[in-house]
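Only one chain is given next, in structure tokens, and it is the form predicted alone.
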Amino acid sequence: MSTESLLSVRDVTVDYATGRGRLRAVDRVSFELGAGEALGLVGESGCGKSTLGRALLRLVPLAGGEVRWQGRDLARLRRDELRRLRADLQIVFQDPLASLDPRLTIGQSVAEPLEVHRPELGRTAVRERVGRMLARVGLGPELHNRYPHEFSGGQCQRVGIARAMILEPKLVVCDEPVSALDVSVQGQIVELLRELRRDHGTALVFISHNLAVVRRLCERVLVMYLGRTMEFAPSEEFYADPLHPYSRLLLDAVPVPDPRVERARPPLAAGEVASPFAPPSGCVFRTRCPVAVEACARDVPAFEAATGSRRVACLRWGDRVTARR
């Protein structure tokens, strides 16, 4: 794992214009990512994880902040410059079927990035690389000439992963890449991602609800809620002793194998997620927080250094009650 920063994210903000007014999907998120590092983005649905992932690759425009790739501001690159960088910057989309061209076979879909970015390769070399990559995600040669509608959602997800990995990119944004896969195939994909990191120094931004997979794959975890960062911590420290009340609630919600224990557990958090069109004053999590006090409604918590390399946005993170069950 390199200490040199490949990806530098500073105060990234993303707004959407809707019929109900402006929606702030991502609010001043910052982090650094080095070669071979894996960062897990976690949080409930609608917290801004997928939007942030797309913003990192300039697939959605920024309302503020900047994203730098190897020191270059992506927002300032010309279209042809950005196109050349696409070979190093790949994404696995959350909706696998919608991300595949229905007119192309899966073999053609996986070959397309090579044809665009590696035109010097001959047909035989392309076919061999596609075959090897599809085999690595568990799709045999008898399936290469089939079309996306002939596959299950999990199989389409594997095709999307193969297409993103075929160029051996330097950064892959993985948006729920294993959500539709069974446990055995999840293990294969996690191992494939590990191999890419080890062999090619590929950095990962891994967006997932599956905290168990994030724990296996990622060295650091960034927790989001209503577009804001709640906590940023090394993985081992995050899972052992989360500082933010929302982090604790996320971990408490991880399923356990005993059905009796699972049925008896309380819901993730009291109340419902606030509307992003009218987020709460002060701390946006305070309306669901079990340890909120009056100051939480008045003051916006700074995203401040806590212990070691950890950062947290909570007025009460120093109170040990927020770090205990």
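From 1 onward, residues are counted along the sequence shown. Computed from a prediction, not measured in an experiment: that's the story for all the values here.
The next section is about a form of this same protein that is not shown, the form predicted together with adenosine-5'-diphosphate (ADP).
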| What stretch, of 41-49, 281-289, 62-70, 296-304, brings heavy atoms to within 4.5 Å of adenosine-5'-diphosphate (ADP) in the predicted complex? | 41-49
| Is every one of Tyr16, Ala25 and Pro276 in contact with adenosine-5'-diphosphate (ADP) in the predicted complex, taking contact as a heavy atom within 4.5 Å? | yes
| field | adenosine-5'-diphosphate (ADP) in the predicted complex - contacting residues of 79-117, heavy atom within 4.5 Å | value | none
